[in-house]
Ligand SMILES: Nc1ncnc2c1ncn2[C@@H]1O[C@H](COP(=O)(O)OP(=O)(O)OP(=O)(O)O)[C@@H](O)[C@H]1O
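What follows is a single chain, given as structure tokens, in the form predicted alone.
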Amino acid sequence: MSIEVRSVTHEYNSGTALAVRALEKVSLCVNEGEIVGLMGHTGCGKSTLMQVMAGLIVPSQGTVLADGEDIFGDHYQRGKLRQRLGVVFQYPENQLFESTVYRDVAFGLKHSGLSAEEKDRNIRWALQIMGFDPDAVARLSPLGLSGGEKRRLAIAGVLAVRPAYLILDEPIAGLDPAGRERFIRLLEDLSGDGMGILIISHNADAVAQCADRLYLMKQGEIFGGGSAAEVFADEDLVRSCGVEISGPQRIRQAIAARDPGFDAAVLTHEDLMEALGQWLGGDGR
């Protein structure tokens, strides 16, 4: 099962002098149980693609399939998509509006058909997985939480629906290294339980660490697609799409500039530590 985008093209103000082509024959797929990264320079079309996948924008051409069904088909029930696909926008804390934490997380379950007990179980699970004590925060006002807590709460509200797929726009922005690591472990746990995740991010280190596959976007088109290691290995392509290579790759380059014998393939911090251990234990000692 998957969320699949097939040859999607979208043009704003189509047919007018102000027409702007935002997407050009874009195709990508997010399968259940995998983490897919999407990277590109600001304005390359990532946000438009995200809204098309969420059913918020009807594309000028192309198809989006959710578990094999066309989400823009005449007979497709949009309520089904809301239950299958969760979307967390770049500033999720701005989506909070209910009077209490509990009511905010519960909002997405209003038309789920679940019993009160099932809803409560989902709400408590979502709060716990995002690092909250449900009993301690249930009656608090969302507006009284810190910025980071508001972001985690907004994500909990999406997770409470237990979607099969999750799209996240810049979820790591503003997190310190420890917070980033915790969030990556959360994504890995969710994908391990079968959730398909699309993470849109400028953070090359995080995407390199957690993404099973990676797509690059440039001027509304997909450039490159494959494993994160394969895509980041083409450093010229990565940079041409306005994306920085990962920190460990930059360190490898700096070492290799002084010692051409240090030519190990490096992408993540784990790769770098292994390569350094071999280098220092051998000719580089």
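These numbers come from a predicted model, not from an experiment. The first residue of the sequence shown is number 1, and the count goes up from there.
The same protein also has a form predicted together with the named molecule, omitted here; what follows describes it.
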I'd like to check something about S246: if you look in the predicted complex, is any of its heavy atoms closer than or equal to 4.5 Å to a heavy atom of the named molecule?
no
Please tell me whether any heavy atom belonging to K46 falls inside 4.5 Å of a heavy atom of the named molecule, as the geometry stands in the predicted complex.
yes
So, in the predicted complex, is N13 in contact with the named molecule at a 4.5 angstroms heavy atom limit?
yes
Exercise: L267 in contact with the named molecule in the predicted complex, heavy atom 4.5 Å:
no
Could you tell me which of 36-44, 236-244, 66-74, 252-260 sits within 4.5 Å of the named molecule in the predicted complex, going by non-hydrogen atoms?
36-44
Proximity to the named molecule in the predicted complex, single hit among S146, Q90, Q128, S141 (heavy atom within 4.5 Å):
Q90
Only one of H202, R103, R180, R82 has a non-hydrogen atom within 4.5 angstroms of the named molecule in the predicted complex; which is it?
H202
